[in-house]
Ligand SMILES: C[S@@+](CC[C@H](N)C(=O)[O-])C[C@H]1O[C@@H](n2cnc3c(N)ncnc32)[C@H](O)[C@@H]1O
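One chain follows as structure tokens, the form predicted alone.
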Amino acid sequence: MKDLNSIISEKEYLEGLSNVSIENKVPIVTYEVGRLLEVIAFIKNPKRVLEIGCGQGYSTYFIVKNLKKASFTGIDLNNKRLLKAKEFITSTFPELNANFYSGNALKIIPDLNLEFDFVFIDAAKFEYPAYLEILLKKLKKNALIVADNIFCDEKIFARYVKEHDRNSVEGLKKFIKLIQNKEFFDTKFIDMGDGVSISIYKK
């Protein structure tokens, strides 16, 4: 009963955090995608995690929840959101070695003297290919790259895309093509939330 109560309490707390994020118009993963991240991270048990677009820490919670001896690096363009994520994650997981950086990931990642074995991408969709390009120099062999919003609200399947969405759609299409390069990646797509890709880096 104790475990059941803790699960219910956790879900209620996360729903509250989700509602606050939605009210503040902060994009977050769905609860189901969050649980998927939790399972993937638990199985992979990475030592160095990078999250591009950590928002207020909702997805971060699922990723680091079961990690024992890992370091986490979170990047978000919005400093206000990042500070909330830092406060939430460091208070919830005080034993976690966590570092948070505010700014453009394309400028921050090249200066990180680290190699990652787990990366989660949930940021500007038109920049997904550029993220992947700079990550290739920062990945360990067999690193996992998980990306959210791959379907872009089904827009990547549409015959006509509005001008407002064109850059995001084209960026995602290019990203999908890149991660389907079998020389570098082994990729699977999951029809969950707004689409999730899971890639194993083979080089």
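Each residue number is its position in the shown sequence, starting from 1. Since we're looking at a predicted model, the values are computed, not measured.
Keep in mind that the form predicted in complex with this ligand is missing from the display, and what follows is about it.
**Student:** Of A130, L83, L114, L77, which one comes within 4.5 Å of this ligand in the predicted complex, counting heavy atoms only?
**Tutor:** If I apply the 4.5 Å criterion carefully, the residue I get is L77.
**Student:** Please tell me which of I150, A143, I28, L36 lies within 4.5 Å of this ligand in the predicted complex, judged by heavy atoms.
**Tutor:** The residue in contact is I28.
**Student:** Quick check on C54: any heavy atom within 4.5 Å of this ligand in the predicted complex?
**Tutor:** Yes - in the predicted complex, heavy atoms of C54 and this ligand come within 4.5 Å of each other.
**Student:** Would A105 count as a contact of this ligand in the predicted complex, using a 4.5 angstroms cut-off between non-hydrogen atoms?
**Tutor:** Yes, A105 is a contact residue.
**Student:** Under a 4.5 Å heavy atom criterion, is A123 part of the interface with this ligand in the predicted complex?
**Tutor:** Yes, A123 lies within 4.5 Å of this ligand in the predicted complex.
**Student:** With the partner left out of view, is Y58 within 4.5 angstroms of this ligand in the predicted complex by any non-hydrogen atom?
**Tutor:** Yes, Y58 lies within 4.5 Å of this ligand in the predicted complex.
**Student:** Can you tell me which of 170-178, 156-164, 134-142, 28-36 lies within 4.5 Å of this ligand in the predicted complex, counting heavy atoms only?
**Tutor:** That would be stretch 28-36.
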